[in-house]
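Single chain ahead, written as structure tokens, the form predicted on its own.
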């Protein structure tokens, strides 16, 4: 990415985060980047394309930062701890504000909605990858398909982030994480028992087949 292009993307991110989609004009973004507004159209074609590039950059930064969390999600409690870490880091960095503004803008800009949704697709896959490994050895694996669980994780996390971003209160969301962690701890503790029951059931089934 050229220096000018990178500066415009960074300026677009800051503009979305600090003053919102409605004020994200070529002139405002270019002024913030310290360049001529014509360069917005030279590098991106339109302001909308620049804003989508800004959202893509935020998504890529988040993915790089959180990818290592997958190495620490062997249990439900670890998965919940990782989700809480993402929640707190996103709010602190203002990532959720960028996404919220782009979702808001998609209501009035034709064709923007699917492009915003496309930026969220890697996060559903990211969550699916994390959830699949954890649920594989969990007693609730048969009750909660990984794809549905991943969708719920992404939707729930975004919802909590948006609410906390609106009212500035993280307490309610953090309380939910605490309760979820307590439940996850119980399920993690009974995991060995569930595995034994599965083995016992398989052994009985094999015995019946042999007889």
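Residue numbers count along the first chain shown, from 1. Source: prediction; values computed, not measured.
Omitted from view is the form predicted in complex with the DNA, to which the following refers.
Heavy atoms within 4.5 Å of the DNA in the model of the complex are found in exactly one of 34 to 42, 55 to 63, 150 to 158, 169 to 177, that being 34 to 42. Residue contact check for residue 27: one or more of its heavy atoms lie within 4.5 Å of the DNA in the model of the complex. For residue 164, no non-hydrogen atom is located within 4.5 Å of the DNA in the model of the complex, even though that partner is not displayed.
In the model of the complex, the DNA sits within 4.5 Å of a heavy atom belonging to residue 47.
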